[in-house]
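Okay, here we've got a single chain as structure tokens, the form predicted alone, with questions on binding and movement later.
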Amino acid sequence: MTAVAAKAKASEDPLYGPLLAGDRRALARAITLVESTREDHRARADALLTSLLPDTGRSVRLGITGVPGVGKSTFIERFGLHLIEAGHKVAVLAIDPSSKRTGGSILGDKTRMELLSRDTNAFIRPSPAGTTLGGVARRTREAMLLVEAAGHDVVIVETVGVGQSETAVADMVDMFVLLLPPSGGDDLQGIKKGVVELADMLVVNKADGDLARTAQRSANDYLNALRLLYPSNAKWMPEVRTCSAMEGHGIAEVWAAVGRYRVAQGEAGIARRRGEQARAWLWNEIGETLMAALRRHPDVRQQLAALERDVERGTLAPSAAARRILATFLSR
């Protein structure tokens, strides 16, 4: 289907017009649509997304991660309210841990961002991470396009929390922010080096009360640690800021640092990064789709249980079993 044909078809979609007009209910339903795994829903979602592409890409895309308990939700709420006061429309795509029993979100960020969720210029969407690694959900990228089309000019992706695979969000945003607690010395070892290397800005939260001095010392420690790492971006040396999400101190300075980052990258640099991310997204989607198709293949499903038993018993090498499954899949 050509882009023109897809746009013509999607313009007939009852979600198309209301979504472009910023209707929150239509936006929520559109995200539910793109998160669906039903084939008919996927076809409709693909047409809708293709038609909306000209109306996307005009936002500031930020990814925020941090260790559990660092105050991500409190920070994002205070940060979002500051942006709204400055005239922005904010969308928060919060990725929650998934329940192993139901597959749904466990935490639910709307309950942790009560003030922000009540503001008409904010849109918060919790989504379960499911089986997707990297702290994000499979359809987070598509949800990002939808909220942009609905008029939100700042999009924040909040990840599950720092872990060994908590880096996928860096491949879908303009700027990757790592939120840190007031700590230092040996506590630096608790932060994964790979996450620090990818971060464009480090923010030490909870810089208030008795922890204010500790937070400043921590910021200095992180700054010294960053100098030992080779910067991932030749045009930008990651900044280290301190803030108090509870009291609001340092929030404006964090947003100012985002502005400096975007100026340093320039429009061409941000466009190039987004183009590279779109290409990576393409190959990721190919891999996910092929794996889903393989699992649904009737002949594969018929022989899979027996091959798994042979592998578990040690009578068949996993590599040999994999080749048999692929040969069956490709035979049609």
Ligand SMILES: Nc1nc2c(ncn2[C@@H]2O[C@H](COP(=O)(O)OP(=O)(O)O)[C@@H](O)[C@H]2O)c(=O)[nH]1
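All residue numbers refer to positions in the sequence shown, first residue = 1. Only a predicted model underlies this, so the values are computations on that prediction, with no experimental measurement involved.
Note that the form predicted in complex with this ligand isn't included here; everything after this is about it.
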Checklist entry - S73, S183, N121, S117: which sits within 4.5 Å of this ligand in the predicted complex by any heavy atom? => result S73
Item to check | The unique member of P68, G275, G287, P54 whose heavy atoms fall within 4.5 Å of this ligand in the predicted complex | outcome: P68
Checklist entry - Which one, 205-213, 87-95, 169-177, 139-147, holds residues whose non-hydrogen atoms are within 4.5 Å of this ligand in the predicted complex? => result 205-213
Next on the checklist: Under a 4.5 Å heavy atom criterion, is S244 part of the interface with this ligand in the predicted complex?
Outcome noted: yes
Next on the checklist: Would you classify H82 as touching this ligand in the predicted complex, given a 4.5 Å non-hydrogen atom cut-off?
Outcome noted: no
Checklist entry - So in the predicted complex, does R112 come within 4.5 Å of this ligand, heavy atom to heavy atom? => result yes
